[in-house]
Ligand code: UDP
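Shown below, as C-alpha cells, is a lone chain in the form predicted alone; questions about how it binds or moves come after it.
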C-alpha cells in the first residue's frame, strides 16, 4: 500500500466489531467501530482495528474493507471474560500491538481508542510511539452511576476515565450532553472535546413496504411496538412492560423485544415473569438476538419504536428506526431531543417518566395513521456515515493527522 497514507491504530479491546449485535458487550459501539473504519478507509486512511482474541478460532489478520484490517491479539484466555478482567490484561494487549507493529515494519500516525479499557491501552501506546491519542468514551461511568440504574460502575473505571479525560489530545463526544458530563465530572478541557454524533447506514436502514415485511416476519394487523437493544436494567424494559399493561389490546397489540444472549437469560426470565404477573404474556414477543442485517425489516414492520433507557450516551437504535421511517418514543437521554424534533418523528419524555405517561405516548402513535416514512427519514438524512467520518477526519487534522487526500 502507498507509503504516504496515514495509518490509524483503532482500539476496541473488549468488543469485537464482528460480534453479534445485542449481546452482553456488543452494541452500538461495535457498529460504530465497523462503520467508521470503513468510511475512514474510503477517505484514504489505512485503519487497523485491534481487539482481544476471545476464542481459539480467532487469529491472524482479516481484511474487512478497502484499507481496513481486523487484528485479534492474545490478552488473557481465549474465551469471553468479564470487562473488569480484561483490565488485568491491557499491558499484554499493548505489548501485542507493539509486536505486531514491529513484525510488519509499520508506523502508526494516531491511536484512536473506544471505551475506557481501550483508552488505557491507547495511553501506553501513545507514550511508546509518540503519536496523538484520540478517544471516544461511548459511555461515561460517572454519569451512568448518577442515573441510579443498573449495577454501579467500579471506582477503578471512574479513576481511569478521569485520567483519560485529562490526558488525551482530543476526545470525540457523541453529544453536547456527553461533553458536558466529561467537563463537569472529570475536569476535561472543553477545547479538547469535539462533538461528532454517531451515524447510521442509510443504505441498509431505509423505508420498505410495511405490508410485505410484516408478512415476512409473521405479523398480522396488530399494532407493533418494538424494542431493540441489550437486555439490562438500565434499558428500562421493565417500565415498558408496565406501560404496555395500560394499553387497550382490543384491536391487537404486540410488543417485540429484540436482544439478549446467554448472559441475559436471568433477566429475560425475570421479565417474562413480570409479563405473566401483568397478564400481558400473550402480547410480549421475546425474539432474542437478530442479525443486524435483519433489523431494518423489524423497524419497518413496527408502528413505533421505544427507547426508554435511564441512560444512553447516544441512542443509535433511535437513529436506525427514524432512518427506516418509524417514529420513536424515547426517554430524554443521549441525542433523543436533538433528533426527534417533529411530531411525526415521535416524542421525548423525561428520564424519570412513569409507565402511565409512557403508555399515553405509545397509544398516540399506535392509534393514529402512520407517519410518512420519507418525512421521518428526512430528519436524520445528514447522519450518514460518510458525513460523520469527514467530521472525525477534521478532528484528526487538529492533531496533525489527515488523509492522503489532504483532509476536508
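Positions refer to the first chain, counted from 1. All of these numbers come straight from a predicted model, not from anything done at the bench.
Heads up, the form predicted in complex with the ligand isn't pictured, but that's what we're talking about next.
None of 257-265, 275-283, 126-134, 146-154 except one has non-hydrogen atoms within 4.5 angstroms of the ligand in the model of the complex; the exception is 257-265.
Scanning 359, 366, 345, 31 against the ligand in the model of the complex with a 4.5 Å heavy atom cut-off leaves one residue, 31.
Proximity to the ligand in the model of the complex, taken as a non-hydrogen atom within 4.5 angstroms, holds for one residue of 142, 84, 202, 289, which is 289.
Contact annotation for the candidate site: 14, 89 and 94 all lie away from the ligand in the model of the complex (no heavy atom within 4.5 Å). Using a 4.5 angstroms limit between non-hydrogen atoms, residue 299 touches the ligand in the model of the complex. Although the partner is absent from this view, residue 229 contacts the ligand in the model of the complex, with a non-hydrogen atom inside 4.5 angstroms.
Proximity of residue 295 to the ligand in the model of the complex falls within the 4.5 Å heavy atom cutoff.
Proximity of residue 41 to the ligand in the model of the complex falls outside the 4.5 Å heavy atom cutoff.
In the model of the complex, the residues of 306-320 lying within 4.5 Å of the ligand by at least one heavy atom are, in order, 312, 315, 316, 317, 320.
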